[in-house]
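One chain follows as structure tokens, the form predicted on its own.
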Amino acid sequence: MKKLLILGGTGDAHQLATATQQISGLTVISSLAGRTQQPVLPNSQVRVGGFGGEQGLIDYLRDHQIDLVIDATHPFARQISVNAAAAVAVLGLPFLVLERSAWLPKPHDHWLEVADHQSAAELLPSLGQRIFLTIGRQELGFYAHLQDLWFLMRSIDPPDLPIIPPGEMLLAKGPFDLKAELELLQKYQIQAIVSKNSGGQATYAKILAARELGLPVVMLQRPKTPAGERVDNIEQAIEWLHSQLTPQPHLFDFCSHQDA
């Protein structure tokens, strides 16, 4: 039996863990950061919580005799991706990054691409008074000083920050459809949207709605992550797993066959 550790927290990670159940000879452990209060758990072994940095992850991989690692974390969860790449390099383990493709601007999109939340916050007063923040709950504090603006803030769980921007909190989990997103933006008279470039289809409807209504989107670009082998869909990740689990012929076997 081989042991696979899936670093998760996304719908892709859950789907991957489900798909691996069809692979014989493989034990799967899914690791969740624990930031979502009621996560959807895969039907496999699950651990919740951090590892304690790069060294903690190295120790975990060694102690639990992990053979393969797939990083299927959120595209903006940079630190765990950095730690994972470093840890597998130390131990020499096969490693794959499963990362959904980023969204690309289309005709009639009005995107303002920024590198960080500080840059996004600086733009907002020039874009309107009513802003839709769709960045999750952890970074809301970057916008709390904008007291002259009103924010509709959407996240899965309520924020645990001492100060958040003025406005209304909406607790909801995707996927969202275009009709509902259009109604939401019009109901709250939204003038601009702040979004992470997360990719995927679950939350893309807000981008479609902004395009249809002609609204500007302040788009936070993904942080740089370590180089390495990557795929952008479950099927390719499963193919990679099969390639890692298939015994490879040894050079001795090849030479013996040639001599024969």
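None of the values given here were measured: they were computed from a predicted structure. Numbers for residues come from their place in the sequence shown, where the first is 1.
Heads up, the form predicted in complex with a small molecule isn't pictured, but that's what we're talking about next.
With the small molecule left out of view, the stretch that reaches within 4.5 Å of it through heavy atoms in the predicted complex is, among 25 to 33, 203 to 211, 59 to 67, 229 to 237, 25 to 33. Heavy atoms of Val114 never reach within 4.5 Å of the small molecule in the predicted complex, leaving it off the interface. Contact annotation: Gln79 falls within 4.5 Å of the small molecule in the predicted complex, judged by heavy atom distances. Shown alone here, Arg47 lies within 4.5 Å of the small molecule in the predicted complex, counting heavy atoms only. The small molecule in the predicted complex is approached by His74, whose closest heavy atom lies within 4.5 angstroms of it. Scanning Gln189, Ser126, Gln138, Ser101 against the small molecule in the predicted complex with a 4.5 Å heavy atom cut-off leaves one residue, Gln138.
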